[in-house]
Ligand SMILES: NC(=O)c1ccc[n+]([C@@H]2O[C@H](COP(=O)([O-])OP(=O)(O)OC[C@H]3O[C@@H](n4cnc5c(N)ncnc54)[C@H](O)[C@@H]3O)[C@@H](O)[C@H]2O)c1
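Here you get one chain, nothing else, as structure tokens; it is the form predicted alone.
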């Protein structure tokens, strides 16, 4: 049965499971700090007044030492079962590899919510089982697909994209470091801004095998939108040269570049064409920068989740929505295995 919304005014008792880069390591990156006010979970857990960060779980002794010395977390343990506050924890933040996520959730007996790093689990079937367990247990699931919490990206979703470029004519993107790792973020962004995806196709048998995730690689692909039939194409790039996760949108009234994962957003309006009277062109040489807000996105993800725990709002990035993006990724790998066959990517029961 779903649990009742929390009516407690006490800060939410929180455990951080996994204490690597996204959990706390990025906090030390001075270059990232220039644009990302909140680059790690530890930074939000320390700063947010509605969170009571009690526990860190990680099997690495050096990670536990960092939790105690750098973040003043006394309850730092090698396993969930060994932590002192296990029965108090209401929010579990899972920044671990995806293989044991359901077991990690089940180890906390009084959870109200989880915040999960993507991917949800090792595959679509395991991801569905995790979501089903949380639904039966009344546990809210927020997935850290960061752009869904970014104020600027949310404004694009809520109508600003169409205001800037009119009706979509075409779009294309770049990504790197693996389809599961970074491609998933761009696929989720397409779904967020342009709508659901009906079918997919791998466009080449090549593999760009750069990814921090086992079994992951990059390849060019196309997504076909369900509502409009428009096709969005993506090409992989090697991060050994330079990194990019971005999209370019062309509409009836101009162009929008969403680059560097959302850190650079440029609008190009229309102007009179130089190739003849009575025609228009996109002002590619006169971009209008739009102030990025990605540095606040992780804090907003938490803020939204806490409001949802109290029954005040809907989640930005639900487990079900993440399942839909995962289904697209799995369909793309199936298309790649089958030589570029067009694959539907509808989620069973959706």
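Numbering follows the first chain given and starts at 1. All figures in this text were calculated on a predicted structure; none of them were measured in a lab.
Below, we refer to the form predicted in complex with the named molecule, which is not included among the displayed structures.
- Contact with the named molecule in the predicted bound form, defined as a heavy atom within 4.5 Å, holds for exactly one of 181, 201, 153, 128, namely 181.
- Out of the listed residues 42, 297, 67, 57, 57 is the one that sits within 4.5 Å of the named molecule in the predicted bound form by at least one heavy atom.
- Of the candidate stretches 95-103, 275-283, 230-238, 217-225, only 95-103 has residues with heavy atoms within 4.5 Å of the named molecule in the predicted bound form.
- Taking non-hydrogen atoms only, residue 26 approaches the named molecule to within 4.5 angstroms in the predicted bound form.
- When the named molecule is considered in the predicted bound form, residue 17 lines it closely, a heavy atom lying within 4.5 Å.
- Taking the partner from the other structure, the named molecule in the predicted bound form has a heavy atom within 4.5 Å of a heavy atom of residue 118.
- Not displayed here, the named molecule is kept clear of residue 211 by more than 4.5 Å at the level of heavy atoms in the predicted bound form.
- Within 4.5 angstroms of the named molecule in the predicted bound form, the stretch 184-203 places a non-hydrogen atom from 185 alone.
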